[in-house]
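Form predicted on its own, single chain, as structure tokens, below.
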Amino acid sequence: MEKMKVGIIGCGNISTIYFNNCRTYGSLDIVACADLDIERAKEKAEEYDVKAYTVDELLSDKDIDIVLNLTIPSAHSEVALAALEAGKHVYTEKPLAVSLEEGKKVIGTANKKGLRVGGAPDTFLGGGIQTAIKLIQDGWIGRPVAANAFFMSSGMEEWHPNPDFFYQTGGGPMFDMGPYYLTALISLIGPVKRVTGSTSISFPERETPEGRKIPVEVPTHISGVLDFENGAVGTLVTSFDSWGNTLPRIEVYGEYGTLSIPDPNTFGGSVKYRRKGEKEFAEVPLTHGYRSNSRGIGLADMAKSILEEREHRANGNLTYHVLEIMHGFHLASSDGKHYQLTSSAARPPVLDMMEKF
């Protein structure tokens, strides 16, 4: 298989899984990495036998086809735009951008230059959610009419070494975890036409185990309602204010049955099904592969799609649609009215059960 050459910008913790996984995908060839901390880039370059560059050097390398953008969220749009201006396709960790204006500029620039934008999460391409998508498409529950999704946690300060960002602009449970749930819901049911929501900053500051205080700038509990284009109604709750719960991750309700969907921040998990008239849920064997941590599969699909001249699944329209929905929840709460989506995104095609990247 022909390979696309990839350069990584951002050599933090998340880069390790991408370095490891991308070497296993036949459509990708990681050739270089860069970071504002050049020593960190050199360490990764030595570990994975690639070139160590400054950011400008990487963008200037004409052999690099795709930039894998693993910078912090506040830098996502800046790096993506620089990559596009350098004539390179770009794949970005979630979210696409912090603001809607930045997201629009990234997508618009890519369209103008005839380049591809892709982005995380790609967990919806794993065996768990792909199995659920196939079950829905094959009619196991009939027409989806509703869905519930929940991410509930006590926040990041209990365990994360640098939790401050999660309580600053661009953070919060919706922007941190919402992309996983929304991308899964769109893949399962389709695009969203309207949202509303209520948000709350439950506690004005957080405290780390060491006693350090963290001021909270963003909502930490968001309850959102989604009106899908196909008529289904969904609920998404994301929270850093729960010490425990017994809620499902995602459930989709159809005319003839219910599907229980695994954690959308994983690639595998258990898919369960209960049909009308049955008393218990039954586990469904997974139909697709990529069930372990397969981060980078979305990038591999993008590279393969460029070579095959088709649309990739974790595409720019999908990542922007997710970004707008997340902002829509917050805007609906602050404005006291529904938010009408201006974007849409087609449901990504289900993977062939034997497809390899």
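These numbers come from a predicted model, not from an experiment. The first residue of the sequence shown is number 1, and the count goes up from there.
Just so you know, the form predicted in complex with a small molecule exists too; it's not on screen, but the next bit is about it.
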{"property": "Residue stretch of 23 to 31, 42 to 50, 322 to 330, 63 to 71 approaching the small molecule in the predicted bound form, non-hydrogen atom distance within 4.5 Å", "result": "63 to 71"}
{"property": "is_contact(residue 13, the small molecule) in the predicted bound form, heavy atom dist at most 4.5 Å", "result": "yes"}
{"property": "Interface membership of residue 122, the small molecule in the predicted bound form, 4.5 Å heavy atom rule", "result": "no"}
{"property": "Residue 295, heavy atom within 4.5 angstroms of the small molecule in the predicted bound form", "result": "yes"}
{"property": "Heavy atom of residue 94 within 4.5 Å of the small molecule in the predicted bound form", "result": "yes"}
{"property": "Of 180, 228, 267, 167, the one that lies within 4.5 Å of the small molecule in the predicted bound form (heavy atoms)", "result": "180"}
{"property": "Interface residue in the predicted bound form among 146, 75, 86, 216, criterion: non-hydrogen atom within 4.5 angstroms of the small molecule", "result": "75"}
